[in-house]
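Take a look at this one chain, the form predicted alone, written out in structure tokens.
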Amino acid sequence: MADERKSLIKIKPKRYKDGEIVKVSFMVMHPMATGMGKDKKTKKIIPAKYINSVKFVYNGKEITNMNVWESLSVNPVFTIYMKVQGKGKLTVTYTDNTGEVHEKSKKIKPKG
């Protein structure tokens, strides 16, 4: 079973209107191990574990799907710009090379 990872979806500006373009950032606590590093205590190689796919879905419609590699930093941040089209739900899903799947959702509530 996959570890529960902390993640966060942040939308800027905090208050937005219907039809406005907003900045969406998805942050996840992930080791992004390349498989080339060694554990300092055991001197064994740390197995590769990195995010290889990130998908943004808004009200059931895919906005973007990113294929990424192990060269990203630890705890990566993925940012997109999207147009708000009414109330709904934004879901971000990532998959890593070990098959771990994580999903985070946020309600979209435009004001005005």
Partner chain sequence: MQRRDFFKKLGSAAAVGAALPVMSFAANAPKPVSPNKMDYKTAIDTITGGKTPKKSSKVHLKVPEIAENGAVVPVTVEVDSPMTDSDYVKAIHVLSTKNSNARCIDVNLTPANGKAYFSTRVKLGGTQDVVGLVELSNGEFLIASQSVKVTIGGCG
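As the structure is a prediction and not an experimental result, all values here were calculated from the model. Residue numbers count along the first chain shown, from 1.
Omitted here: the form predicted together with the partner chain. The next part is about that form.
Residue 87 near the partner chain in the model of the complex, any heavy atom under 4.5 Å? No.
According to a 4.5 angstroms non-hydrogen atom cut-off, is residue 37 in contact with the partner chain in the model of the complex? Although the partner chain is absent here, residue 37 would touch it in the model of the complex, with heavy atoms inside 4.5 Å.
May I ask you to state whether residue 59 is within 4.5 Å of the partner chain in the model of the complex, using heavy atom distances? No, residue 59 sits far enough from the partner chain in the model of the complex that none of its heavy atoms falls within 4.5 Å.
With the partner left out of view, is residue 23 within 4.5 angstroms of the partner chain in the model of the complex by any non-hydrogen atom? Looking in the model of the complex, residue contacts with the partner chain include residue 23, since a heavy atom lies within 4.5 Å.
What residues of 72-93, in sequence order, lie within 4.5 Å of the partner chain in the model of the complex by heavy atom? Heavy-atom contacts within 4.5 Å come from 72, 73, 74, 75, 77, 78, 79, 80, 81, 82, 83.
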